[in-house]
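The chain below stands alone and is given in structure tokens; this is the form predicted alone.
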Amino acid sequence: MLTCKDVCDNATRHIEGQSGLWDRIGLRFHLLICKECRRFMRQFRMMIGTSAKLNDLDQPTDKEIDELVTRLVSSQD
């Protein structure tokens, strides 16, 4: 069974679709029982998506930064 550390160490591989079948099954099983890792994966996906959007911008506005902070804080609930 995967540990929380395993989930963190392999999060990028999983999100990018580079994990094998048994790794994906193990991760999903772990996420079923671990609320903290579900939160971590949700925040990690959000960070990747936001980073991609910010790369398209020259300089993020204060409003965009505030929205990002609000989303990250609200995802911890």
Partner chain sequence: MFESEDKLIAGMIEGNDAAFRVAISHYQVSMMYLAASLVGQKIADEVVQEAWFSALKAIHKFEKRSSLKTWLLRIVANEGKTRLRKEKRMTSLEALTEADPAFASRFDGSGHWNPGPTTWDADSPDDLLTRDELKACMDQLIESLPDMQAATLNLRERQGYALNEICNILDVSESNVRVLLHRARLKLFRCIEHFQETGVCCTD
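Numbering follows the first chain given and starts at 1. If you superpose the two forms and keep the largest set of C-alpha atoms that fall within 1.5 Å, you have the rigid core. Since the model is a prediction, treat every value here as computed from it, not as a measurement.
Beyond the structure shown, there is the form predicted together with its partner chain, which is absent from this document and is the topic of what follows.
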### Message
Within 4.5 Å, heavy atoms only: does C37 come near its partner chain in the predicted complex?
### Response
yes
### Task
Spell out, yes or no, whether the shortest heavy atom distance between R13 and its partner chain in the predicted complex is within 4.5 Å.
yes
### Query
Using 4.5 Å between non-hydrogen atoms, is D23 touching its partner chain in the predicted complex?
no
### Query
Can any non-hydrogen atom of A52 be found within 4.5 angstroms of its partner chain in the predicted complex?
yes
### Summary
Across 29-48, the residues having a non-hydrogen atom within 4.5 Å of its partner chain in the predicted complex turn out to be E36, C37, R39, F40, Q43, F44, M46, M47, I48
### Task
Could you check whether the CA atom of I65 moves 2 Å or more between the shown form and the other one, using the rigid core for the fit?
yes
